[in-house]
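Let us start with two forms of the same protein chain, each given on its own as structure tokens and named structure 1 and structure 2.
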Structure 1
Amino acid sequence: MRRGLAERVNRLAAWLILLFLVAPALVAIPVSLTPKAFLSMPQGEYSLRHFIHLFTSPAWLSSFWQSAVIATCATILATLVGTLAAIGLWRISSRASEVVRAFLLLPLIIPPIISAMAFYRLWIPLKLLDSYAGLILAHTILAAPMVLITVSASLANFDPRLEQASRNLGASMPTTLWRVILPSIRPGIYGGAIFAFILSWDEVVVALFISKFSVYTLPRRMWNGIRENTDPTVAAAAVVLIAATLVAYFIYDIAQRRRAAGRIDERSNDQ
């Protein structure tokens, strides 16, 4: 097919927009390598001192650790409640269940600032302010809708007759869940878990409200660093986050592709 002028202009514009989307983040890399003690572009000389500081300073290390613990716990809880809810709603599949589904997606769409107010307000009487439990619970509620969405997408491709067959052959509901349903929707569960982890790992607005001294997550420390706008350790942290994002993305992408390939295999076997 011959490409017209408009098509070529559009293609060029698209690549420029993509550059605008991705390239700005790369500026963190040179800034993180500056030998100076303040934020600056390196001029001929490079140094890893800010990375060394990032990985040896007790403050940054404790933030890494806290974020990892909180994100891991929130991911496990969100994956659990999100997956169970997705299976339940899929099986019930009535008008009522669709209303409930919309209800459960609200934490994803309500602005984070309002979520932060809500948790702050409730965590005071529950004494959960500035605690691991408080942040884990809040992140679980924010992340579980992600799991609900990805698992529901997997369930949409799952043949309900398999479940009925299992039940008719005498398997109990827990057995059916564990041996028939869960294995078939594994890609959706993994995808949801990765989304949940990223969401919690990266979450700053709610953390700003409900954590203070004893809990101080990585995004929170970065936020303060960015606001004070002097310490190049923030640039090193940004580079580490970009690397982590790329790794998570490619794991997700490979899993998705394998799933797509699996689906094509199944189809060709059918015929």
Structure 2
Amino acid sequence: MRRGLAERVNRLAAWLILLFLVAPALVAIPVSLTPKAFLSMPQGEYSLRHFIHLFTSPAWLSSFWQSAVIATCATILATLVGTLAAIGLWRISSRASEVVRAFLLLPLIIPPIISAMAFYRLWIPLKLLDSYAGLILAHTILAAPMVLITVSASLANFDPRLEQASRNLGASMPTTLWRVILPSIRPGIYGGAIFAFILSWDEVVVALFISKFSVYTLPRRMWNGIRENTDPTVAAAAVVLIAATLVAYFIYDIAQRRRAAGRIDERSNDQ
């Protein structure tokens, strides 16, 4: 009886904490449906005019496209770099590799404003300011540690005997990497890629520093929309971002569940 009461209290506390964390983001949903031309809560009347403006405005559509291109390219590069770095550090597995790992994780620890200033100073002589290449490289550097963490977590559960068996059977290291290691750590790679995409898609601090006219990402347009004219289209864009994030999370969750179900089927077949 006491255990049942404790479980209900824990469940209630978990829901309250979840509501406390999510509630600020959910405010964007009713604000996006206001019929008024400024940020406000709807009072009896609802309108989709701001969503229509979001998907018909050339400026907003351009920002959507630019953010999608930058996030996709940064995700591909960050996934490649983060995965190879994680495998390399896992193979070396020494005190020096742990120092290198800590160094590679620095972009997650350093405050974004400091990273933005560093990118600004570095990109000036390289002539990468206000360019796709500059933002893609910056987002790759910021997102690669996320991939490094998720892939390292998958490698922690990888059985090294599988690699040894592959090598003993005559497979080369590239073949072992492609046919044995990468399929085994696929969930970590997918998870890191999703986190990298979300990080690049939502990033605004670095974009404010190193982009100006040629590149105008969606988070930057939302920032300027709030600061200059409190356009409710910003709330509509926020709702779209929340929806995209939830879709990405559910895709990852479904992939994880299918993989877990596949493992259970394999074990039952072995028995």
Partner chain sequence: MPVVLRSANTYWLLVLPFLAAVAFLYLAPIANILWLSFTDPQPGLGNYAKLATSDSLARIVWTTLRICLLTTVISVFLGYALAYAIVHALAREQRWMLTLVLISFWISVLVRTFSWLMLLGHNGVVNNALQATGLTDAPIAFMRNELGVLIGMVQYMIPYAVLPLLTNMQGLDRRVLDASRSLGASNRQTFLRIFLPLSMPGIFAASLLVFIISLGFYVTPAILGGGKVLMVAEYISVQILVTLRWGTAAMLATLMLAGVLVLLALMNRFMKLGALFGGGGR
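Note that the structure is predicted; figures quoted are calculated from it, not measured. Just so we're on the same page, residue numbers count up from 1 along structure 1's sequence. The term rigid core refers to the most C-alpha atoms you can superpose between the two forms while keeping them within 1.5 Å.
In this pair, structure 2 matches the form predicted on its own, whereas the other structure does not. Core superposition places the Cα of W15 4.0 Å apart between the two structures. Once the two forms are overlaid on the core, Y252 shows a Cα shift of 2.4 Å between the two structures.
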